[in-house]
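A single chain comes next, written as structure tokens; it is the form predicted on its own.
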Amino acid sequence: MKSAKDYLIFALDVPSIKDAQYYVKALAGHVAMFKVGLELFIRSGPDIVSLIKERSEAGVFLDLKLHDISATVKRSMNVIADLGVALTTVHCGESFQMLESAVSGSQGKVGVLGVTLLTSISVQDISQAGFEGRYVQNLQKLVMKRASMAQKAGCSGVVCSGLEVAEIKKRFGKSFLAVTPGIRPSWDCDEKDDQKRVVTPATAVANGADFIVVGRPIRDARRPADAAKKIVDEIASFPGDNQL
């Protein structure tokens, strides 16, 4: 049975492998996975994946958000598949073939998640990007369109905000993974935060999220492990169909 801790992914959004070592040591045993993004992976390469696997029992979510021509994405995914990570990402973007190539390149060794719409993106951003009015008026329509593409391409699931996760589960089923960033605990409020479409940990899980991705509230805490525990306790206090 899935425990509250098993929902939590910590975002290792740090600039160096030294910084990453600190958080892996502090949070090993407190989170389900560590997310490795572009900045850290560019700095340290596959060594950071090895470090996490050697120093914790947590899984690795390699969040590189691939977006390129289909052949390049497939070859890149071939390489990722050999790293032993649990999950990785590709932008849904505008190309169904790119999503299919990502899944093919994964060789069934890693769960491929389609990134539907970044949680930092607002209605204004979509409007300025030139999308049709129906998507500007309702961002969920764009998220659902992209999620449908991802499922048809064979992706294991999607990355979406907590605002869309309930509808994702309703339309695409419980086995289609929903990984939710843009998580902000009720005790953490930063007016300068670049995230726009946010929800609390408990709300995301109650809506059906399989994993929540939390970075800043844990990373900036005086005691990261205590902050992680507070988030886990918040999840555990709101049991739903997905947990406990």
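The first residue of the shown sequence is 1; numbering continues from there. Worth saying up front: this structure is predicted, and the values here are computed from it rather than measured.
Missing here is the form predicted together with cytidine-5'-monophosphate; even so, the following discussion is about that form.
Contact with cytidine-5'-monophosphate, judged by heavy atoms within 4.5 Å in the predicted complex, is confined among 66-74, 46-54, 208-216, 26-34 to 208-216. With the partner omitted from this view, the residue of Leu163, Val110, Met98, Leu117 that lies near cytidine-5'-monophosphate in the predicted complex is Leu117 [heavy atom within 4.5 Å].
Contact annotation: Val90 falls outside 4.5 Å of cytidine-5'-monophosphate in the predicted complex, judged by heavy atom distances. cytidine-5'-monophosphate is not shown here, but in the predicted complex it comes within 4.5 Å of a heavy atom of Val159. Looking at Pro181, you'd find a heavy atom of it within 4.5 angstroms of cytidine-5'-monophosphate in the predicted complex.
Although the partner is absent here, Ala228 sits far enough away that none of its heavy atoms falls within 4.5 Å of cytidine-5'-monophosphate in the predicted complex. Residues are counted as partner-facing when one of their heavy atoms sits within 4.5 Å of cytidine-5'-monophosphate in the predicted complex; in 6-35 these are Ala11, Asp13, Lys35, in sequence order.
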